[in-house]
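Shown next are two forms of a single protein chain, provided one at a time as structure tokens under the names structure 1 and structure 2.
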Structure 1
């Protein structure tokens, strides 16, 4: 009976990370940036990762997705659908990264390739992973623009990044992550460089992706107010360690760690209600 219950409990598990440690070799010696992190993500849920700059939240997911800098390395396991992303070869990882797992980088102003048209940047990932022709990939790109609430116009896909606003660039970054129908999207500080109105619009898109399309989302932020608006569960990090985790409601209403309490004290009173 316990075995059956365990299988039912884990049937929605998409990603499970165990005993993750991340290190960097520096001129001052080895530095440990992430220390024994354990986490899981279920299908169709949003996990919020919150903490100050340098807390290890971004490096946790850089290590899982093979994006660490050349002086970084990690150990532990990151099982995505029975496949260990950490121990796998780079070729094997590429079968998943950018296809089943999308990554949205922190700064939309610098993450897009400046000399490539938007249509080319959207379609190249589909030609690589799904072997689509350029015309097929461009047709898919136009459809994806609808999802991120951008016009399906020839003017847009023939534009260069410098011709777009910050909010439009962030939508393009989300669209790129959607081009191969991912099961998981990792978004690193997706609202940091945006004004408040545009932040709200971007968060609404993430809510639509999760609730309307069943995509699992990891939302990394230093802003616990952003996490409060979007996440089903939250994990709080400080100094490379997880100091608290649980349902968003439980963590926000009954925080146990002093650092979490400090983060919550930074939320405007109108948002706490």
Structure 2
């Protein structure tokens, strides 16, 4: 059934991951963090990913984008527009990362360079990938900061990361991923440090990107509400495996897997009412 669906949409396919395994060497032996994960993402689609903490959500996408730490390795394939990201060389990957694939890291606080001004961090990526001049890149940076609803009144371009609050840094991360027009944005817990009003503004931005510009989004989140509002399909992970996937509506309203059921049962009742 699924494969038929896939064939129909084949021309829209942006990323297809097959039999992905991720391993880590630790002092206590080898561990497998991701076990035989298969997934696909179509153009202009939002795939939501929920799951237990430590279930391998982050590492799945780290391995695809070549960001695994030095004790990790992976096998399988990840075809991004006819191009296998996993077997690609570092240089080739770097060409895609940042330009065609934007990554919003789960940990914004440590993903920003401490001694570089926000303006430089934003414009750096545009000068690197799009060969923009410094002033053009800075102009684009200001524009992007505006998109993620950072206050204009502040001179953010000249601030250092430690001068910003958690949520501000998180929005800087989102802004960085928007600096070059990507085709796929991987957003790993992008709104954890944002208040609900700002969060809904960011989710609106995601919706605009997806519907208006045809950008695909992978949204990893623990917040079922966020997933429900944004994603078309959901994938549930536990212990490195995908335990359930399907359309957001189906999975959230009639879950089949025990873990999914358990997870949904933890939603506080007042939210549902």
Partner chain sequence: MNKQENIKAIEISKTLKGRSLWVDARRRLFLNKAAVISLFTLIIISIVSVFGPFFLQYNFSDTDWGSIYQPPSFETGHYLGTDGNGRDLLVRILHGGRLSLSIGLIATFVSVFIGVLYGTIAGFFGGKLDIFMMRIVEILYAMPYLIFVIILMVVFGRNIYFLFIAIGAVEWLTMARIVRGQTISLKEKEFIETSKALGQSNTLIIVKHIIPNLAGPIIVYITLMVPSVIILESFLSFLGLGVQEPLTSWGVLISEGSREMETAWWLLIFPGSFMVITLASLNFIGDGLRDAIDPKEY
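Between two forms, the rigid core is defined as the largest C-alpha subset superposing within 1.5 Å. Positions refer to the first chain, counted from 1. Since the structure is predicted, the reported quantities are computational estimates derived from the model, not experimental observations.
Given these two structures of one chain, say which is the form predicted on its own.
Only structure 1 matches the form predicted on its own.
Cα of residue 183 displaced 2 Å or more between structures 1 and 2, core superposed?
No; residue 183 is a residue whose C-alpha shifts by less than 2 Å between structures 1 and 2 when the cores are overlaid.
Given a core-based superposition, decide whether the C-alpha of residue 74 shifts by 2 Å or more between structures 1 and 2.
No; residue 74 is a residue whose C-alpha shifts by less than 2 Å between structures 1 and 2 when the cores are overlaid.
Has the Cα of residue 223 moved 2 Å or more between structures 1 and 2, judged after a core fit?
Yes; residue 223 is a residue whose C-alpha shifts (by 2 Å or more) between structures 1 and 2 when the cores are overlaid.
Just grab the Cα shift of residue 151 between structures 1 and 2 for me, core aligned, in angstrom.
C-alpha shift for residue 151: 5.0 Å.
Supposing the core is put in the same place in both forms, how far has the CA of residue 165 shifted between structures 1 and 2, in Å?
A shift of 3.2 Å at the C-alpha.
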